[in-house]
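There is one chain below, alone, in structure tokens, taken in the form predicted alone.
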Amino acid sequence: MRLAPRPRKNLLFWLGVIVFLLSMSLWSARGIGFSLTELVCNLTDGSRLLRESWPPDLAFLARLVDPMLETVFIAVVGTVVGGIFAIPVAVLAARNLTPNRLTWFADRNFMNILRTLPDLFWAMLFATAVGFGPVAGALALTVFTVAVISKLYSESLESIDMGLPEAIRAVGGSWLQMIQFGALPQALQHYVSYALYAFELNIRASVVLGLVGAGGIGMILETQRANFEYERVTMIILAVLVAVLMIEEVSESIRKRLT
């Protein structure tokens, strides 16, 4: 059987997309002052950095246990506390569950504000408010977790079957009872999946937050980088990589059991 030739208009469309993307990329590269010549000339410095970073300082590994545990603790606190606060935020942001349009509008804008400001901003803000250390990091990740989970969970709640919630309301149940017994259980599996995803993100984010003084292994990383101890920096990166891979494996296995 002979296949029909692909329409010419599709080819022209994709050519136009490619040309547009290339044009935007070149325009953006020019806007940030990108120079291929400078990049090639700086490769020598990059190779020197790689030589100084290898092999990693294995003796430094013992000093990373406590900071790595602190990083995990920050991520756990941020995920648990943020995950709890994300539930009411998500419920009020779901069109089919929110009490009225004004509440929905206010809650949606609150979520937008949380997502607009990056986690580094929250870390610096809380570090100024409560001092440098893991508490600032945990508070920053709490806000970050609320922003992530509430957005995803509200979309899941909007797609549930409204038969059971409406039945609860029809027999005299309150709005809270409708949410508790009719809506939340239907999207519980999605909520657990989102919480695990947020925990993975928080492990990575807590490392970055440490660079601005929010505790965890990121503070050790910044100290060693500032002292040009690149072999120790490599050891820290490898330790974080192993921890992240282990957490991802555990999280993935839990997700498979839920499906």
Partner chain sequence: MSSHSDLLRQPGPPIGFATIVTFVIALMFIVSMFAIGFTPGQMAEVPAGVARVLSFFWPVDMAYGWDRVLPAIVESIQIAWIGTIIAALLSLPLALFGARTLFPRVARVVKLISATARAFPEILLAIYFVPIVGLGPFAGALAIGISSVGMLTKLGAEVVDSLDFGTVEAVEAAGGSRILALRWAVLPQVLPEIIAHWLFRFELNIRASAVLGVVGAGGVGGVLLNVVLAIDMISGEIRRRIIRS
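The model shown is predicted, which means the values in this text are computed figures rather than measured ones. In this text, rigid core is short for the largest set of C-alphas that superpose within 1.5 Å between two forms. Positions refer to the first chain, counted from 1.
In what follows, reference is made to the form predicted in complex with its partner chain, a form of this protein that is not presented.
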Answer key: of Ala187, Val77, Ile87, Met178, within 4.5 Å of its partner chain in the predicted complex (heavy atoms) is Val77
Taking 4.5 Å between heavy atoms as the contact cutoff, choose which of Ile168, Leu92, Val135, Ala183 touches its partner chain in the predicted complex.
-> Val135
Would Ala62 show up as a contact with its partner chain in the predicted complex if we use heavy atoms at 4.5 Å?
-> no
Could you confirm whether Tyr191 comes within 4.5 Å of its partner chain in the predicted complex, counting heavy atoms only?
-> no
Using 4.5 Å between non-hydrogen atoms, is Gly33 touching its partner chain in the predicted complex?
-> yes
Would you please decide whether Asp161 lies within 4.5 angstroms of its partner chain in the predicted complex, comparing each non-hydrogen atom pair?
-> no
Listed by sequence position, which residues of 89-114 have a non-hydrogen atom within 4.5 angstroms of its partner chain in the predicted complex?
-> Arg95, Arg108, Asn109, Asn112, Ile113, Leu114
Tyr230 C-alpha shift between the shown form and the other one of 2 Å or more, rigid core reference | yes
Indicate whether Leu69 shows a C-alpha shift of 2 Å or more between the shown form and the other one, with the rigid core used for the fit.
-> no
Answer yes if the CA of Arg204 moves 2 Å or more between the shown form and the other one after aligning the rigid core, and no otherwise.
-> no
